[in-house]
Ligand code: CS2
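As C-alpha cells, one chain now follows by itself in the form predicted alone.
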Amino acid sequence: MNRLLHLGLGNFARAHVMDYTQDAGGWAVTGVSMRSATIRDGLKAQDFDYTLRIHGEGDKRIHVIDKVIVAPEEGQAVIDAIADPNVQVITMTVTEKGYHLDADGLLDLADPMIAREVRGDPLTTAIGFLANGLGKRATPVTVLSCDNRESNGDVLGRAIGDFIDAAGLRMTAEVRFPNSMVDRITPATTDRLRQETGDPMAVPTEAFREWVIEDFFVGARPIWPGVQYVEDVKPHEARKLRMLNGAHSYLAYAGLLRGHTYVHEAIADPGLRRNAQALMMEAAQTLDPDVQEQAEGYAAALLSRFEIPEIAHALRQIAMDGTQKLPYRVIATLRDRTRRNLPSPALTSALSAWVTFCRKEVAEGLALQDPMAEDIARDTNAPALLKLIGAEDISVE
C-alpha cells in the first residue's frame, strides 16, 4: 500500500488531508506530531481512529492513520520516514510561523531555531527535518504544503534549499513542491463535542471543503475526490486568502474588541458584518478576472459559513500570529489597490483593529500569541507595529 507522511497533525490536517485521503482509498498515513505526544497518545488509545463531526452531515469515522511519530521524542524516526521510499507524498500543515521566514519571505538563517539546526543541533522545525530527510532519499517524492501562504510550495521548496545549502547537505532525489490552496473551516475541539461523541480526539468541521493543487507531482498520488488540479493556483489562492482569511482576521480583532468570542457572534454584529462584506468586495476587485466573476457568490457563501453557531470558531484562535498572517491576508490586497488608486477603507480598518487589539492586550498585561510578541510589547505605537508586518508606509490613524 502506498504511504503518505503528514507533518503537523493538528485539527485542520485531520479534518482536511485525512478526510480526503480516506475518501481516496488505498493509502495509509504516518503522522508526525511536531511538538508533543498528546495527539499520538490520544489517537493510539483508540487504534488511531477518530470522529470527524461534519456540521449538517453528522459524524464520520476517520481511520487512515496507522502510526504517529512524536518529533521531540523520535527525531531520527521522522528523518527515516521522510527518506522512506514507500512514502510517495509528504503533506504539511505547520501554520505560517512554522516556515521561519524573514521579512523577504526567505528562510531566516538568523532565527535561533534554524541557526541551531544548521550547526547540527537536534532538529525541531519542519524545515530542518525535511531538509535532512530529503537529503537521505534515493527515490522521487512530492512535498505538498497545505498552509495558508502565497505560493506555499515555492516558498517551502526555496526554504528547504536554503537550509540544505547553509548546512552543507545534499539532495539527489527528485523532489517537487506543488503550490496548493486549502479551504475548510476547522475550529478547536470543545469539551462539549468530546462528550457528545464520546471521543476525546473528535474534530469539528464544516461540510464545505475545497482543495486546489498545482498539477506538479512526481510518482504516485492519492486520487483525492473533488480536488482541482490546475496549472496555476494563484487565482484560487488569492480568492481564499484575501476574501475568507482577510475577513476572518478582521472579524477576529474587531470582534474581540467588541466583546465577542466566536465568529458567528461577530458576523451577527451589524457593523462588523457590513465591514467584513466591504472588505471582501475590496479584495474581490484585486482578483484575476475569471475568479472575480465568482466573487459575489463566494462572498455570500462565506457569510453563510461564518454564521454557523455549531462551528464555534473562536476569534482568539484566528487572532493568533497576526504578524505572520496579515501580510498575505490584508497588506498584499491593500498594496494592489493602492497601485490602482483605489480607496480601501475596510482593509485599512482591519489593520487598525489589529493595532488596537495589540495595544489593548499589552496594556492589560496579556501575553500575545504571536512569534513577535516581545517586539509588539516593546512599542505599541502604530508606526512601530505596522513596521513589524511590512506596512510602515500605511497610515491607520
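A quick note: this is a predicted structure, and the numbers were derived from the prediction, not measured. The first residue of the shown sequence is 1; numbering continues from there.
This protein has a second form, the form predicted together with D-mannonic acid, left out of what is shown; the following refers to that one.
The partner is absent here, but in the model of the complex a heavy atom of 318, alone among 92, 127, 318, 71, sits within 4.5 Å of D-mannonic acid. With the partner omitted from this view, the residue of 325, 242, 236, 100 that lies near D-mannonic acid in the model of the complex is 325 [heavy atom within 4.5 Å].
From the list 264 to 272, 285 to 293, 102 to 110, 310 to 318, the contact stretch for D-mannonic acid in the model of the complex under a 4.5 Å heavy atom rule is 310 to 318. D-mannonic acid in the model of the complex comes within 4.5 Å of no heavy atom belonging to residue 260.
D-mannonic acid is not drawn, but in the model of the complex it has a heavy atom within 4.5 Å of residue 182. The closest heavy atom approach of residue 149 to D-mannonic acid in the model of the complex falls outside 4.5 Å.
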